[in-house]
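Okay, here we've got a single chain as structure tokens, the form predicted alone, with questions on binding and movement later.
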């Protein structure tokens, strides 16, 4: 090519010696014969992303290497549920996180761990006291969630177990000088003994009756301890027990130590909930929820024994929390037995969602924040707690953490309703359906069939119908012939047939099922006197289906 961008053609014969061929000649620029075809098949329409958006990063596949998953020691439970997928667009293997709850748990617990460091100085005291209270009550509600959510036992004896263990351990510390590190294990033993007494009625009583029994037991404990002089009946409680918080520390360091100790207690309760719920006892109790004990017994599940075991574990854990309660606050008051404490605990479970550990923690956080931080609202904060619980019961199925499932069900319902308003019989496939269909030939076949139907609808007229009635066989017009050819090429499931009820006298119209072994069905009660009249009746029904499509 020269400096003037002139394209020249080089003669291949000019290299031979003695030849008189011209070496170069100017010519047109070369273009591929496929350029026209490429320009024609390129879409000029602006395209928009259709389908589900990707909110999470897709990791590359591991190729031919062995895929080793991280697991919790000493179990075989995986740290993250990573699933391998095949991307039909890029034709490559990908890995995605199927269960992202451990990531959310890690982020939320990290936020709670660094929250004291980011708290404003003017509210640090209030927030640290509320955080310690939150840690203790979250641990209590996680243990309570074991018997209600997993065990199916509607027990209201939670705070009676915690209060009884707290008062006994405080009494032992004050009267006999027990150290703070001994109080929590002693409380676990007291809770275990207390739980053994009330565990066996749970095998006979269900639901409302067992709730009444445990509520009466809670009131019995409250009356006994408030009227007993040994347990501080005249002082409003027992105070002066040994505490793990050193007196020589400053108030800020004492509050920080109490906050992180209660935070560790909540982590231990989370581990207990996860451990019991994931073991065999948790799986057995999920097979025998309330009102399905007969099914569990028929399948060989000893649900009564499993309920006793989980109740004993729950009672021992609550007793341990009661002993820790004394070491954290240096004593215990009678308000732990009050009916208000039971109602607030139920509100925490209901708001977050019964049966889910994240629901118990989130519900506790909301209620404690309103009750302990928003002190300026006065009694209105308890009204807000009751209002939130009422709204959750009325409009949510399983607390705040049931919103996602409930929203997806509502969204799928609205999507199906919207589809039904746009979909038509024999019509073109909707965009959201097309993205979910692997065989794209079906999409184009549906589109071509819709175009054909739209054209054939314009051919239907009273003259065509009359022509078919008069000239059933023989030569037809172009419009009628097109209609008949389309009707003959339809699938078997869309075709009609003629049933000869009385030979040469009575005929009826039936519809074929299109499935082997399934007989045809009658489509109308009308009886036709001749075969030609029945054939015209079938034609009218096909025309009606075409116009309604």
Partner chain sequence: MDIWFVISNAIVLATIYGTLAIGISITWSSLGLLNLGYGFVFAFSGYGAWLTAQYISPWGGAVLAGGILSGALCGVLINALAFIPIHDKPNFTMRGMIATLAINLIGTQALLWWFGPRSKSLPPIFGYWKVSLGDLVLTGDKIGSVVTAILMLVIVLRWMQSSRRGLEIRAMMMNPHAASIVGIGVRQTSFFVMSITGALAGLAAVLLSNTYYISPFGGLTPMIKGVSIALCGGLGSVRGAVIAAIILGFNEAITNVTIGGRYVLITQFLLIIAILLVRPRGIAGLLDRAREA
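Residue numbers count along the first chain shown, from 1. As the structure is a prediction and not an experimental result, all values here were calculated from the model.
There is another form of this protein, the form predicted in complex with its partner chain, and it is not shown here; the text below is about that form.
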The single option of 335, 228, 405, 471 touching its partner chain in the predicted bound form, heavy atom within 4.5 Å: 228
Contacting member of 387, 182, 80, 113, with respect to its partner chain in the predicted bound form [4.5 Å, heavy atom]: 387
Non-hydrogen atom within 4.5 Å of its partner chain in the predicted bound form for each of 118, 142 and 257: no
Segment that reaches its partner chain in the predicted bound form - one of 118 to 126, 241 to 249, 90 to 98, 216 to 224, heavy atoms within 4.5 Å: 216 to 224
Partner proximity in the predicted bound form: residue 376 to its partner chain, non-hydrogen atom cutoff 4.5 Å: no
Its partner chain contact at residue 178 in the predicted bound form, heavy atom, 4.5 Å: no
Residue contact check: residue 354 to its partner chain in the predicted bound form, 4.5 Å heavy atom: yes
4.5 angstroms heavy atom contact with its partner chain in the predicted bound form for residue 201: yes
